[in-house]
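The chain below stands alone and is given in structure tokens; this is the form predicted on its own.
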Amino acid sequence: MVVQWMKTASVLASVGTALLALSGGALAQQIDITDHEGRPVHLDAPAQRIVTIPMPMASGVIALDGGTSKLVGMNPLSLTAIREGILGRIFPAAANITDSVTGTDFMPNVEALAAANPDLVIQWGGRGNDIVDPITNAGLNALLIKYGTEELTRQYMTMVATAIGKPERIGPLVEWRDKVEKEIEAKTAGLAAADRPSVLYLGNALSSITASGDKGNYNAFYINMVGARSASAGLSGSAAINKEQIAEWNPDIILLNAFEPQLDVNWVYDDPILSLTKAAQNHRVYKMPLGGYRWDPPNQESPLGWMWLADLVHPELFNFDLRGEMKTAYQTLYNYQLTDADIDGILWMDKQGTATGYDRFKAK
């Protein structure tokens, strides 16, 4: 699978054919990438000033580059993840990077972009020209990425590693993702439908309640991978739902997003409707962890989220040393040694209540 995927990625990012040319006596590495909309992206040299508009990509650039020096602008929701999570402590300078280059609706602020003076702006692809044209009309270089599947995730990580001149970073990260995915799938592939609990992931809960169907939904991808089934699979795209709909689905497990800092498991347990669901009655309500980025969407830490969920969904099949895996991953991703207190914070150990199975994640 790794070999096949790398062949696909090589079409997108011309790592092996990057041109070397002498420029002013210095060696300049010209980089050519084909982005997810099939657009050619040319860099005379590895990007030194990058703006990221898709939320997970700010932390992705930091992980791939090993620091914050190339990141000059980001989405406001990327900055909240950095400030609320551990990445702001690992890289304190990240908390000072401007978040005025875009709104949370991904619409670029051209004036702020010009002030940031980026070599490359990473923007969502497949979401229309309105959020792209202001970037290209300003004469800025845009790399468009798409989202929603593991294959797309690996591809855009490869594009970004190539763009910053560090293609060697991507191989070990892809191999890690592939290894964990295969290990989990080997244990869940033969499960009967009756042995796959229903899991509901809520992308929003406080101001409104939303859930998503299976198509192009990364949460459904890993819910299915770990041997469960998405309770909201019948929806088309992301849709607003209500508590009565959740009660009708009556999921075995409820996953609360990490995007809403005030959201915790009591939102379910204290509610007169939701407290009657199987998830609440069996104490199987969990808030998604927040590490270098939120573990809900695809990002550089996704395999840790898969292991976390596999342990909770099928404790009879899985017993990952999650704390040990996290320490190894953070050393690789951020050159940082996690402490037990760090891990407790990432996993919300003090906010998960008496969640079933959560004691397996306690420090030994």
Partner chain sequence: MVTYAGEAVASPTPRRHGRPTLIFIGLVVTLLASILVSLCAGRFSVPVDRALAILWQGLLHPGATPTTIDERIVLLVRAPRVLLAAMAGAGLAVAGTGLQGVFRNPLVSPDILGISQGAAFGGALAIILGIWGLPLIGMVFLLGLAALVGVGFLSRINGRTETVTVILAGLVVGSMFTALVSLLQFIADPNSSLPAIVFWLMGSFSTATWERVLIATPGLLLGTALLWGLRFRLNLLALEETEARSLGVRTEPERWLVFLVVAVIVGSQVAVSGIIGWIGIVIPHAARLLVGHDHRTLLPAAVVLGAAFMVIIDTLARSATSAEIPLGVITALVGAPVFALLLRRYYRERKEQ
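Residue numbers count along the first chain shown, from 1. These figures come from a predicted structure and were not determined experimentally.
Omitted here: the form predicted in complex with the partner chain. The next part is about that form.
- Highlighted residues N204, E244 and A247: every one comes within 4.5 Å of the partner chain in the model of the complex, counting any heavy atom.
- Although the partner is absent here, A93 sits far enough away that none of its heavy atoms falls within 4.5 Å of the partner chain in the model of the complex.
- Using a 4.5 angstroms limit between non-hydrogen atoms, L338 is distant from the partner chain in the model of the complex.
- By the criterion of a heavy atom within 4.5 Å, L290 is excluded from the residues contacting the partner chain in the model of the complex.
- In the model of the complex, S275 approaches the partner chain with a heavy atom inside 4.5 Å.
- Checking M55, A63, I33, A47 against the partner chain in the model of the complex, a heavy atom within 4.5 Å turns up for just one residue: M55.
- A heavy atom within 4.5 Å of the partner chain in the model of the complex is found for exactly one of E260, D252, E183, D119: E260.
- The stretch from 151 to 159, 169 to 177, 188 to 196, 204 to 212 that comes within 4.5 Å of the partner chain in the model of the complex, counting heavy atoms only, is 204 to 212.
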